[in-house]
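Single chain ahead, by itself, as structure tokens, in the form predicted on its own.
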């Protein structure tokens, strides 16, 4: 059995058949996991200013760019191993650089509250074995984490839920559209207007506090009644909820206080986003948006979005991410004006404009290491096939030595 790095569920029941050093068959994985483990359609090659190079020369050039930069930044890491993330944080500290990851514009604020122990949380096994009320809030788990409902939440027989979804569990979807997850929720779908999550939460707080909610009274009272009866509840918080409430997590904390039997779990997408957040939190007390300058500075202006919009970096190292794909075009314009160093197994949009490209192994397939599941459990990754690619950890080690 091997662990899949297709998403942050890190399913560890995957069977892979290898013949002649190549993966012939993948069993148990979902479509996302299968695609990830099959590897790259277009493999990245080492290059310097779009000209083919060798790994040693590419690493030397990357180190030269980072050392000469006045305001370097490191970004990504959500698709990197924990070991590589620790090396990346060390490199940022050595360079007095800024460092940020993809959680900066999605689930970081919720993960930080979990790490600060402001939200109750639990393991995915607890959810599978004990949960009787499951809320998918701004999350289409059926599409984004395809095995979530079948392996960890709604459908399985749990130790305390032997009758499963037919009798022992209630699934609820709160979303702006009827997603595939919402269609499974058997009449417990609560449609809200775009950016209407805060108003919905406040109405629910009123209902749980014995007041008459001013918003969709009948449905809110119905939902409050279900939540009050829950023995072990779960809120699987997706980016739809996070984007809607933005920094106003206070209303979610208040709701949590009124539901003492509920636990919140941020629905992390990338396989090791939480790993980076935990590593940086241990080092600095923050999960993202950090600047090293002899000490640690944490401000919103050090997010990748603000840095690129305001053109405040003169060199960017990208690893385990593709900002040219994931960020708005108006934000990434600055990338064409600065040297970008891209470390990745595959050719990406970002690698196509990079000054230096350095290919690495596909973690969990071509190299081993560890990752942190969306619930905080540390999971071992195995090397499945032999190859000549260095791991992301080794490449960052070599960069650290070169600078």
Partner chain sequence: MLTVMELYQLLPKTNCKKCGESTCMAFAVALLSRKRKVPECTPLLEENFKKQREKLEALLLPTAGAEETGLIVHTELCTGCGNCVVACPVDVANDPKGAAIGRAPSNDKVIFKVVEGKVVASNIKECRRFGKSKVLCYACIDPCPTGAIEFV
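All of these numbers come straight from a predicted model, not from anything done at the bench. Positions refer to the first chain, counted from 1.
Heads up, the form predicted together with its partner chain isn't pictured, but that's what we're talking about next.
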Heavy atom distance at most 4.5 Å to its partner chain in the predicted bound form, all of 26, 142 and 149 = yes
key: its partner chain: the contacting residue among 113, 291, 263, 128 in the predicted bound form [heavy atom, 4.5 Å]   = 128
query = Which pick from 48, 65, 30, 44 sits with a heavy atom within 4.5 Å of its partner chain in the predicted bound form?
reply = 30
note = For its partner chain in the predicted bound form, the stretch among 199-207, 230-238, 315-323, 155-163 with residues bearing a heavy atom within 4.5 Å is 155-163
key: Interface membership of residue 184, its partner chain in the predicted bound form, 4.5 Å heavy atom rule   = yes
message = Given that its partner chain is not shown alongside this chain, does residue 180 nevertheless sit within 4.5 Å of it in the predicted bound form, heavy atom to heavy atom?
response = yes
task = Give a yes or no for residue 370: in the predicted bound form, does one of its heavy atoms lie within 4.5 Å of a heavy atom belonging to its partner chain?
result = no
ask   = Taking the shortest heavy atom distance, is residue 57 within 4.5 Å of its partner chain in the predicted bound form?
value = no
